[in-house]
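One chain comes next, on its own, written as structure tokens: the form predicted on its own.
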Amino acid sequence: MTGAGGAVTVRGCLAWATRSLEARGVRGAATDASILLARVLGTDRAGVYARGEKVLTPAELESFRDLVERRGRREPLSYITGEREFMSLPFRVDPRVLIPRPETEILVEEALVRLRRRGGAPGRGVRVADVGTGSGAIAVAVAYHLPGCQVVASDVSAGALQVARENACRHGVAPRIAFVAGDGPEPLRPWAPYAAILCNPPYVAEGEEVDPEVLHEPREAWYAGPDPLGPYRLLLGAVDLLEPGGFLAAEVGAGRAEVVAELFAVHLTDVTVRADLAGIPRVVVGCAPGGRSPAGGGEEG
């Protein structure tokens, strides 16, 4: 970890941190080490690698060691940095909210494709709901990428709603998003009907293993309980809030798309499934009867 004369260099710090994190089971240890050191030095990863022989001050070294220790305890990197990118937008995150995942981008992309095919001015007059908004990633991304639309975003957590509001303000879409407290479809009713209702519900079932990092995230945001289909049954209570031809779209855990699609088919028409980039069926979409249902990018389920 030291250079000439016992000085602690950037290069030595990176090597030490990478070994330390690898020993504690952190995937992508080298990348995480460079991100953490960039945070300490007030630069980006390229800046870190460009300063390989820079000697850290005692204060910088202490700060870096503290961050590496936090990551070694499997605290998510996004909580340490306070930020996560989603749909090419930076979002503030902290332990009050679930960290947005790339898989959820598939849900947003599918929704945007369908909503844009409605015709007319982009998003004008379109109302969308986001159930269990968390950091506001889905609601903010839809509002940002579909100018003119109106979004209603709900969550049971007051802390999550505060984070979501901050993210909405950060990206200039707060005037077009109504944040409401509550669980399930009921908080959405005053603004019905909706062209789309979107949700990334908790879908980890009782007894299923999760990565150590997930245990740092709010349990109510990822743990579905003994019945992993329970959140989807609750969500289907919102079907009557859809306008004719509107759609309900939800993210699902690996291996559950088929059973969720069957559940959707009882209440909705034209049920389709879209896979993520790894080929795992990840998003289930169903349409309310009546009207014209704009097709998305999924495969029929």
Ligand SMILES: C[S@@+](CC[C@H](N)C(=O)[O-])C[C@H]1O[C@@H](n2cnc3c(N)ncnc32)[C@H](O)[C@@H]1O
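The structure presented is a predicted model; accordingly, all values stated were derived computationally and were not measured. Each residue number is its position in the shown sequence, starting from 1.
A second form of this protein, the form predicted in complex with the ligand, is not displayed here; the remarks below concern that form.
For the options Pro201, Gly72, Pro228, Pro76, the residue carrying a heavy atom within 4.5 angstroms of the ligand in the model of the complex is Pro201. Residue-level contacts in the model of the complex: of Ala153, Ala111, Ala143, Ala137, one residue has a heavy atom within 4.5 Å of the ligand, and it is Ala137. None of 188-196, 76-84, 168-176, 97-105 except one has non-hydrogen atoms within 4.5 angstroms of the ligand in the model of the complex; the exception is 97-105. Looking at the ligand in the model of the complex, residues Asp183, Ala221 and Leu234 each place a heavy atom within 4.5 Å of it.
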